[in-house]
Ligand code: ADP
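In structure tokens, one chain follows: the form predicted alone.
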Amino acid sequence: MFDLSQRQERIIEIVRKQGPITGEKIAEILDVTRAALRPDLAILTMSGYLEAKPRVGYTYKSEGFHNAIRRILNQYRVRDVKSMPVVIPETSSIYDGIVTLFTEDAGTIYVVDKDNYLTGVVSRKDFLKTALGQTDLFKVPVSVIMTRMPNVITCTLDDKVVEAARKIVTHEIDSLPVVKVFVDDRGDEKLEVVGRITKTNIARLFLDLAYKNTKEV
């Protein structure tokens, strides 16, 4: 849980004792403008301390921060926050992979076969360890150093963002490939890479929620 500012703690105390109460009335009690108060009210509402009801005002929510965060994040799926994946063929050289890594500013590259199905992943750490060794970066393909399927942690478009975040933290990785699952004629499972979800995607979601304007009450 983040630390509240003195003004945010004061707002909670006012609403707890006098709610429902409008934003204008809270601003009047604190002797500040409604505009100056808006960011604090947005954070407290998003965090679950307050509930905002149009034409009614703010009320205090006893369940607090944790239940509200869980409820809010459970509304978001991976498809809502994913970004474009960085993909290279498994026949690409390690050198080409390093160039792609830096030109795309990615922490992890996803490796695909000739049919564009996922076969592995290569991280910044994998490239660094290889570059420090005696490997010929121009001749050796990335498939030699990649983590291969089925040892790649993935997620799907319909997975909850909370579950994707749990996988990233648990496995201590930078990102997850977002995949669609297909079964070929032989019954083998194939994964098409349709996106990626990273620590940055998740952090951006938290920021968007924190600074989302609440309705005027």
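Residue indices: 1-based, along the sequence shown. Here the structure is a predicted model, which is why all the values come from computation and not from measurement.
Omitted here: the form predicted together with the named molecule. The next part is about that form.
Peer 1: State yes or no: in the predicted bound form, is some non-hydrogen atom of Met46 no more than 4.5 angstroms from a non-hydrogen atom of the named molecule?
Peer 2: No - in the predicted bound form, heavy atoms of Met46 and the named molecule never come within 4.5 Å of each other.
Peer 1: At the 4.5 Å heavy atom threshold, is Arg124 in contact with the named molecule in the predicted bound form?
Peer 2: So Arg124 counts as contacting the named molecule.
Peer 1: Although the named molecule is absent from this view, report whether Thr170 comes within 4.5 Å of it in the predicted bound form, heavy atoms only.
Peer 2: Heavy-atom contact with the named molecule at 4.5 Å: absent for Thr170.
Peer 1: So, in the predicted bound form, is Asp174 in contact with the named molecule at a 4.5 angstroms heavy atom limit?
Peer 2: So Asp174 counts as contacting the named molecule.
Peer 1: Counting non-hydrogen atoms within 4.5 angstroms of the named molecule in the predicted bound form, say which of Ser93, Thr108, Thr119, Thr100 makes the cut.
Peer 2: Filtering the options by heavy-atom distance leaves Thr108.
Peer 1: Using a 4.5 Å heavy atom cut-off, which residue among Ile153, Val179, Val162, Ala52 comes into contact with the named molecule in the predicted bound form?
Peer 2: Checked against the cut-off, the match is Ile153.
Peer 1: Out of the stretches listed (144 to 152, 52 to 60, 22 to 30, 187 to 195), which one is close to the named molecule in the predicted bound form, meaning heavy atoms within 4.5 Å?
Peer 2: Looking at the partner contacts, the answer comes out as 144 to 152.
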